[in-house]
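Before any questions on binding or motion, here is one chain by itself as structure tokens, the form predicted alone.
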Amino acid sequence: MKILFFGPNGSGKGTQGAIIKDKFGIPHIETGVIFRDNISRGTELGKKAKGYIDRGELVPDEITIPMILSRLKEDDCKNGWLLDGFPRNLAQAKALYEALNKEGITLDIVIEILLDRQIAKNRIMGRRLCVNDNNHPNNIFIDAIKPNGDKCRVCGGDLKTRDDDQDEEAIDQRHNIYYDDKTGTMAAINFFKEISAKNGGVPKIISVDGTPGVKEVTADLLSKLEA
């Protein structure tokens, strides 16, 4: 089961990715982790990537994609993988698909979590962290986990916010890329939908409404994966 996983920041993609990883016993692969691993091991690709990162520049696809392919060939990926965080745009989608084909790697499934942009933004900015336990879910914009005033709904502890959750400009910038259906991430998703339509449903496209709670989204997603 080789899966590409898409969803905007705020959609709960990380949570669902962890659930899929545990359910099907496949690694949840994130590009940020691949970068850090290659840099820490001092690989040739890692050294090249570090140069770009240190200059505050984006790592080019000709470095990123070979890193990803190398990771997908590791032993723990023999039974499948869940790739998250790449591609982010149409050009990357085309380059990745071509690279997978050259390596004889068939993409089985593309998962897309659907979520209204304003809801996604509210969920990010509404997150509150319990000072006693960061795993206590609190969000002022989600009824099911709304805190008790300014106190944790689970233990009554004080709540705080993460600085990046309140950086509205940065959130908008990430969402501008994701929701762009001309050249951005939505365009990448549409590219794979077109491939699926031409190839008799390969890769399988799974779209899940991210609006309900975590349990409801999980149930919907797993039912479609197991169908």
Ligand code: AMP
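Quick caveat, the model's predicted, so the values are computed rather than measured. In this text, residue numbers run from 1 along the sequence as written. Here, rigid core means the biggest group of C-alpha atoms that superpose within 1.5 Å across both forms.
Note that the form predicted in complex with adenosine monophosphate (AMP) isn't included here; everything after this is about it.
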*Just to confirm, residue 179 within 4.5 Å of adenosine monophosphate (AMP) in the predicted complex by heavy atoms?*
no
*Indicate whether residue 163 is a 4.5 Å heavy atom neighbour of adenosine monophosphate (AMP) in the predicted complex.*
no
*Using the partner position in the predicted complex, report whether residue 86 sits within 4.5 Å of adenosine monophosphate (AMP), counting heavy atoms only.*
yes
*residue 139 near adenosine monophosphate (AMP) in the predicted complex, any heavy atom under 4.5 Å?*
no
*in the predicted complex, do 6, 71 and 192 all reach within 4.5 Å of adenosine monophosphate (AMP) through at least one heavy atom apiece?*
no
*So which of 145 to 153, 124 to 132, 111 to 119, 86 to 94 is the stretch with heavy atoms within 4.5 Å of adenosine monophosphate (AMP) in the predicted complex?*
86 to 94
_With the partner left out here, which residues of 40 to 68 have a non-hydrogen atom within 4.5 Å of adenosine monophosphate (AMP) in the predicted complex?_
52, 53, 56, 57, 58, 59, 64
*Taking the rigid core as reference, does the Cα of residue 36 move 2 Å or more between this form and the one not shown?*
yes
*With both forms fitted on the core, give yes or no for whether the Cα of residue 159 moves by 2 angstroms or more between this form and the one not shown.*
no
*Just say closer or farther for the C-alpha distance from residue 102 to residue 50 in the predicted complex, relative to the shown form; it changes by 3 Å or more.*
farther
_Sense of CA distance change between residue 9 and residue 32 in the predicted complex, threshold 3 Å_ = closer
